[in-house]
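Take a look at this one chain, the form predicted on its own, written out in structure tokens.
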């Protein structure tokens, strides 16, 4: 069986999709002493030939549900960075019976937001149960929004930048390089109607070349103002500035490790990161981790 790993064996991870995220997963897996790359596959390859403990789904978000179903039915665990916040619970419900039927595990929405930021939000809500949390993204490139913009008919290339306005409100600056003969107004109308952009202030700007603008930097400022017990004015702030795909790839590798661990314990099903014990994300001896981190 794929999941019965001995302590001295490496987790075999297959990478499906080899864009920015797939390449970042490859780098993170190569840097991890407990990981071994079992193969790199394009999304249209023969995926029935995969022989791995876990597959990292590095395809565009909208391809993840069907891809995860296909891989789970082969009895292989999956991890993905599905990033449409409002659809995550529905995806969890869709994949759970398949994962359980095939005695495997799927970790979904395992990027940095949703993903590791979700864990930070959960922790801050636990220590200040009453209050409001604001998640302010950027300024930086949103990979999910950029992929969605690239998929609009008539778009040759695109870059979607997220600009934080404060209190969790954002502006989207979407730069598009059009295909020959494409009409900008038609592209703009289609893009603004896309669910990725329809809920934020979005500006679409035509440029002659995306290459001269491209930058994968991003970041987040996460603020919790709340109440601990009956004590008000508890304020917590979390900040980071990151290379977007590199962090996403690292989180996926950590969650691949956790998925295999949970499968070993026969905890079959579909999980978000807030449902995973943090120690499962880490390589190394459990006793040493507890001694060094607690």
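Not measured: the values here are computed from a predicted model. Positions refer to the first chain, counted from 1.
One more form of this protein should be noted, the form predicted in complex with another copy of the chain, which is absent from this view; the next part is about it.
- When another copy of the chain is considered in the model of the complex, only one residue from 151, 182, 163, 123 comes within 4.5 Å through any heavy atom, namely 123.
- The contact with another copy of the chain in the model of the complex, taken as any heavy atom within 4.5 Å, belongs to 127 out of 169, 198, 127, 205.
- Between 84-92, 182-190, 142-150, 169-177, the stretch whose residues reach within 4.5 angstroms of another copy of the chain in the model of the complex through a non-hydrogen atom is 84-92.
- Of the heavy atoms in residue 42, none are within 4.5 Å of another copy of the chain in the model of the complex.
- The closest non-hydrogen atom of residue 276 lies within 4.5 Å of another copy of the chain in the model of the complex.
- With a 4.5 Å cutoff on heavy atoms, residue 240 counts as touching another copy of the chain in the model of the complex.
- Using a 4.5 angstroms threshold between heavy atoms, residue 246 counts as touching another copy of the chain in the model of the complex.
- Residues of 108-123 lying near another copy of the chain in the model of the complex, listed in sequence order, are 109, 114, 116, 118, 119, 120, 121, 122, 123, the criterion being any heavy atom within 4.5 Å.
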